[in-house]
Every structure is written in structure tokens, then in C-alpha cells.
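As a starting point, one isolated chain is supplied in C-alpha cells, in the form predicted alone.
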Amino acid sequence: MRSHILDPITINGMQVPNRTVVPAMVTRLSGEDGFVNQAIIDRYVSYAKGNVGLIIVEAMAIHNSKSGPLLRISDDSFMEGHRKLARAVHAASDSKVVPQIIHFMKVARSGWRQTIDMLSEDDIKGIIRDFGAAAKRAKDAGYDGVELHSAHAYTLSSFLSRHNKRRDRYDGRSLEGRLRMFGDVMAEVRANVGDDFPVGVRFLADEMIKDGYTLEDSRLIALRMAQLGVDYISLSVGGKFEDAILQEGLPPYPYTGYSGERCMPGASFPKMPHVHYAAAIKEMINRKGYDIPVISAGKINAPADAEQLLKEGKADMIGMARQLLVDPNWPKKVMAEREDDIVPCVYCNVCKQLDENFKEVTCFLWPKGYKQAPAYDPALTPPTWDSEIPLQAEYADGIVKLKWQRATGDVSGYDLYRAEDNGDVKIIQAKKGGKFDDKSVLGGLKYSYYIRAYGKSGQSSAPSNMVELDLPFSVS
């Protein structure tokens, strides 16, 4: 059967080998100086070795405002590191690599934050120039394109927002006014990189805040971006300052409120909660004659689901930030028809918590102490069970208590599978140890459980014994 996810795609001359994308995801590996270091290079080379089609390098600042551990491309002193990164990725595979460039406003530990209505005309002109200069540096460094960060809580997104309070040519009371800053930046970028260099954009399909814009606006925003010559559109949602939870002594962090949870939906959300946005936006711009790729993202990690979205024309490419963090070899395993070796993300959002606390972003599912994802070795022997019935379960006080005997061999962790009333089997948790309390069960239903141990390269054991429980229904 034809595999759409492995099809190549051309983006303004850039030959992308397949439809997988790792969206920009902050690593906090660069340190306060903002320079590319070996840990940064190793992180992105791991994606290239895993045959990810399009690698978007984490947001890098186009200006010199202080922001903690964040990459920078704000002057020529950073160029050597970016050249090394681009060369290393290209040497590893035919993956393409594109940096995401960002301007952000000032925030303070007091909770104060700068907003776009505080910017003078000269400030705005400077931001526009900085975007153009940074895009030129990206091209000169050997990157395959550049992505304009117009999402979440940052400057370009704030101009697009319905919360834009400016009353000049960037007037927030009209959609045309809100789009003008992006148009000015896009024109400046094109003047610096030319028409034959891919320029993508990431923006919000829904702000996910009170009085923010929704799909009704974002489909028109996407159309205007296409009209302005953007070469691909990558979609996100939420991640705004307006609903951030303020903590005393800490600057506001835009992923702490509801909009932040929607930006990186955790385990409590259903799978693929945002795919309708990409589908609607793709339909809109295609109907108007624009055939640029639209990237869908948000809890998409099963190859069958990614394949179906592409087959049905609901997206052109599939973005997987957290899934490719835990297992950058996802594309390679799909190519080799070794999908059972994929280490699936369980959306525990430990990576998000590390980012929030300005700590190096790693994955809970990696072996303890690993700074990067383990290399894939298909020759490794999968873990095995010594016992025929390693898994046991009992129900008490509304909780199913699971415990299991440890597997032998190369064991990094355990995936817990559950079916409800003989329905679809889903991974509900991943654990390092030998027990788990399932507190999300309902009396009167039947639950079936089994576990699989997995090793460093993702090879899984055979399923354990199946445990089935018919939970009693009672009314207190």
C-alpha cells in the first residue's frame, strides 16, 4: 500500500524527502550566551539521522534582549555556530533544516510585560529590519529556508491578535490593520533573501483566549500569508500571556494557563484535537488557488493517523514535536516497517515543565541521565518476561492498582495498555518502575490491561498477560 507520509515534497525548490516535520521546540541547551554548541548540534543531528523530513530549529532571537537560554541569530558573531549546525545536519542525511526566527517583548519578574502598543514607529522599523537581517544570516549560514515565528505570545503574533490595541496603520480593530506588520516583515525578508529561498510561517489557528481570534479569522490570515508569498504554513494554537498564571518573583510564562495547555495538550486531551484547523485552512487556501503546504500538529503520533490525515487531504505535512523528541527515529522506523519499535509519546509534558523552569529539555521516557535520545540499533534484542503472568491488578476504592514483575534485558521503561468495554486499545501511561494506579476508571465498565517493556532503541517485549476486570457499579 502506498505510504503518503514517506512521499517527498518540494517547497519553493527545497526538496524535502518525506512529510514528517519536527516543529520548533525550545531545548534550553544553548546557555545564556545564545550560541550554538555541541549539545544543540547533537539534538538536531539526531533528527536528521532519524530521517525527519523537515527540521525546524528552535526559536532564535533576532535582537539582543535578555531572555535566558535561547539561541540567537542577532549579529554575525553567531554565524560560525549556525554554519556548523547546518553542515552537520546535511552531512547526516537528506533532511532539510530551517531556523525559526523570533522577536519577543520585554517581561519582568514583577509580572509587568511590554505590549505592542508601547512600541514607537522607530521601534517597529527596527524590528522589521532585524527580521530581514536575521533571514539573510540564515541563508548565508547554509540553512535551507527560514521560518517566521508569528505564533504564541510573541511580537508578530501580538500584531495579529484581536488584543492588538494599536491605533495607527497597525490598528487592531480591523483584520487588515492586524495583518500589516506581518506584511511589512515579509516584504523585508524577501528583499534580503530573494524569491527562491523558502520562507515559512508558524502562526496560531486559534488564540484560545477570551476575545481572541478563532478559525474564522485564521483562515483569512492564512490566505493573506499565501498572497504575500509564504512558502508553507505551520499551525499551532494558544500559548498566550493573557491567561498566564502569575507566580511571585517569576516573569510571566505564556504556557501556564489554559491557552498554554491547549498549545501542548497533555494526556487528558483526546488524540489529534487540532487537526480540523489545518483541514479548514488548507481547504480555504487551496480553493483560492494557493498550493503551499499546510503542516498539522498536536498529539499526532501514530503512523496510521498521520497517514490518514494526508490521504484525506487534511494536511500536507505532519508536525510532531514531543513525539520526535522522545523518538527522533520515528520516520526511519516507519520506512523500515518497524513501527512496533517506535517509542510513543505519552504526553506527560515533563519536557514542557523543564522548559518552563529554564532547564535543559529532555524526555522522561529516555534512559535515566541521557541528554539526547538513544541511537536506534535495530539489532538489539527486545526485553523478555521471565514469568507467564507478570502483570497483576486489583480494584479498590475507585482505583485499579496495577503491579508487575520487571522484564529482563535492555529495559528503559514500560508502556501500559488499556481497553474499555472491549473497545480500542490505548497506551495510558509509561512508567520506569513496576506499579501504577489507574484512577480514571468508572464502575460498571469492563477494563482490560496489558504491558510491554521497551528498550533503548524502542524494541518492545511481547505483551504481558491480559488482566480483565469487571468493575462493580455502586451508588454511595
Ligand SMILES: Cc1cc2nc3c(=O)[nH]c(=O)nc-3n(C[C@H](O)[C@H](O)[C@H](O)COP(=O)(O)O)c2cc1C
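Because the structure is predicted, anything quoted here is derived from the model rather than measured. Quick note: we count residues from 1 along the sequence shown, nothing fancier.
What comes next is about the form predicted together with this ligand, which is not displayed.
Of the stretches 279-287, 183-191, 317-325, 78-86, only 317-325 has residues with a heavy atom within 4.5 Å of this ligand in the predicted complex. Shown alone here, K299 lies within 4.5 Å of this ligand in the predicted complex, counting heavy atoms only.
Although the partner is absent from this view, P23 contacts this ligand in the predicted complex, with a non-hydrogen atom inside 4.5 angstroms. Interface membership of I342, defined by any non-hydrogen atom within 4.5 Å of this ligand in the predicted complex, is ruled out.
Within 4.5 Å of any heavy atom of this ligand in the predicted complex lies no heavy atom of L160.
The three residues I11, A135 and V146 each lack any heavy atom within 4.5 Å of this ligand in the predicted complex. Shown without its partner, this chain lists S236, S95, S259, N329 as candidates; in the predicted complex, only S236 has a non-hydrogen atom within 4.5 angstroms of this ligand.
Only one of L309, I116, M208, M264 comes within 4.5 Å of this ligand in the predicted complex through a heavy atom, and that residue is M264.
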